[in-house]
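As a starting point, one isolated chain is supplied in structure tokens, in the form predicted alone.
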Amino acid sequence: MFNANNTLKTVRTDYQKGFLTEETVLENPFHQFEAWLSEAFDTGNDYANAMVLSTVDAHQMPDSRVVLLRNISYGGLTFYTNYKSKKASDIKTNHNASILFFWPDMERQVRIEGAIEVLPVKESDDYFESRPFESKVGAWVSHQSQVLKSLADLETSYEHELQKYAGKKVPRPAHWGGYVLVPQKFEFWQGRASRLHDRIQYRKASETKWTIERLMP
């Protein structure tokens, strides 16, 4: 018996902060997403660009983790990571993935499905150059998702790399760079009272058009 179970059974929220209709949403889902993202930042949410990225590996096992949205470009939503990480391995095996944004203060979610592509090298170079010095060095040190024998080993390697690049330009590692998820579907979720939530879905109908439809809550 876990002590949290009693709380989990009884915690309730009746969502009453907004509504969403087919008539009020914007025609283009990227514009609708940008509007909601901007509102999330305006509420003081410094992590409004945090998104749950879900991938599937070669054994059909799904895996999720939080990454940061860094741009809306190249026809989709971009993020950066280690190309030798678990997520990168999954993407290489199956480029279909999903993204979830959750903004509890506004009682909103956005779900996005699509295929992931590698960003151009120059885009990764430019973004890497904008990162703080310590983060650039960290990209060289971390063998992301690999088993680490001890924290001391990581800290020693990091200190060594800090000294190595002190006063120098840190080049982007070939194993680090960007991806873009190109959406085929968006779903905008607005919490409503009595669990009768608003769910407006956009399905890509052509290169320039989206089909807008309401889903049951």
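Don't overthink the numbering: it's just position in the shown sequence, from 1. From a predicted model like this one, the values you see are computed outputs, not experimental measurements.
Here the subject shifts to the form predicted together with a small molecule, a form of this protein not shown in this document.
_Just to be sure I understand the contacts: of 124, 98, 109, 85, which is the one whose heavy atoms reach within 4.5 angstroms of the small molecule in the predicted bound form?_
Contact with the small molecule in the predicted bound form is made by 85 alone.
*Of the options 35, 56, 26, 68, which one has a non-hydrogen atom that comes within 4.5 Å of the small molecule in the predicted bound form?*
Selected residue: 68.
*Which of 181-189, 148-156, 60-68, 166-174 sits within 4.5 Å of the small molecule in the predicted bound form, heavy atom basis*: Answer to the contact question: 60-68.
_Quick one: 30, 73 and 130 and the small molecule in the predicted bound form, is every residue within 4.5 Å by at least one heavy atom?_
No.
*Consider residue 144 of the chain shown here, and say whether it contacts the small molecule in the predicted bound form, taking contact as heavy atoms within 4.5 Å.*
Yes - in the predicted bound form, heavy atoms of residue 144 and the small molecule come within 4.5 Å of each other.
*Exercise: residue 80 in contact with the small molecule in the predicted bound form, heavy atom 4.5 Å*: Answer yes; at least one heavy atom of residue 80 falls within 4.5 Å of the small molecule in the predicted bound form.
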